[in-house]
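Next up is one chain by itself, shown in structure tokens, the form predicted alone.
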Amino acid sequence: MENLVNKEQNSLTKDDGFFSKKLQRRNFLQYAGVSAAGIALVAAGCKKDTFNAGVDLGSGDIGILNYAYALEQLEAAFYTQIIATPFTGITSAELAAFTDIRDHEIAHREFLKAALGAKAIQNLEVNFSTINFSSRDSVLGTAKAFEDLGVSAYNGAGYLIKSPDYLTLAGKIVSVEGRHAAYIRDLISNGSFAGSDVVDAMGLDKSRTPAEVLSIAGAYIKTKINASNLPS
């Protein structure tokens, strides 16, 4: 988790984020036709010599949707594990909130999978061996890093999307990820929901390229991803 947090703090900040709309949980879950069964997983090669090997995300909008789908697989797997093995001292309010977040991430994952259809990448494999799921600090620290990473990933990929419909979908998802990030940050330190480490002096949130995001996420994955055909 230290590697993820350190890389997150050192990554470049850009101002090409895009605005998004509110996503209502119940309507989204109903539309996606979600089942909570199963954990889908994500992976990414972080070294130059492995970046072009592994599961091919594809190109164009399909590639970007598969990129988002991979990240949603990671988050869905993480929050599913939190609910399966709650950390010591978790409150009923925290458990309820984490259950909602898990359901959101599963909905995102399944919606993207359905949108991609036959072009969706396979279920991928994570590695959570460095996370102590019985420790509140370990779980919250990782959740913060994952949520901040997810927001920056959607912000960094938004301008690459050509389809207005797909861009609208991405905007709806990133707005929910931002809500998650704010909640987790306030659980760690009240009032830190919009810290200067993620929101700059112009009020713009951080963005990262797919290469930066996949490099950071690589600490928690096993399967390799080929992102070389993504638009840039």
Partner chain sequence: MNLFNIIKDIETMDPEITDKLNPRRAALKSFGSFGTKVALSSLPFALGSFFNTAKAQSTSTVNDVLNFALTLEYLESEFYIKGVATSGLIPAGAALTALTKIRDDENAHVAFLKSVLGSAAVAKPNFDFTAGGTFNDVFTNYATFLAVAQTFEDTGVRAYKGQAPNLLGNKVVLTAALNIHSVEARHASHLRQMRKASGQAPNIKAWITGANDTGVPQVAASFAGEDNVTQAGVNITTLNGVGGKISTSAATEAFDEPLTKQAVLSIVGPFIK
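Residue numbers count along the first chain shown, from 1. A quick note: this is a predicted structure, and the numbers were derived from the prediction, not measured.
Not on display, but discussed next: the form predicted together with its partner chain.
In the predicted bound form, none of the heavy atoms of Ile64 sits within 4.5 Å of a heavy atom of its partner chain. A residue is said to contact a partner when one of its heavy atoms sits within 4.5 Å of a partner heavy atom; Asp148 meets this definition for its partner chain in the predicted bound form. When contacts are judged by a 4.5 Å heavy atom cut-off, Asn155 counts as touching its partner chain in the predicted bound form. Within this chain, Gly54 is remote from the site of its partner chain in the predicted bound form, having no heavy atom within 4.5 Å. Annotation: in the predicted bound form, residues Asp100, Ser207 and Asn229 each come within 4.5 Å of its partner chain through at least one heavy atom.
Residue heavy atoms within 4.5 Å of its partner chain in the predicted bound form occur in exactly one stretch of 132-140, 155-163, 118-126, 84-92, and that stretch is 155-163. Residues of 195-217 lying near its partner chain in the predicted bound form, listed in sequence order, are Val198, Val199, Ala201, Met202, Gly203, Leu204, Asp205, Lys206, Ser207, the criterion being any heavy atom within 4.5 Å.
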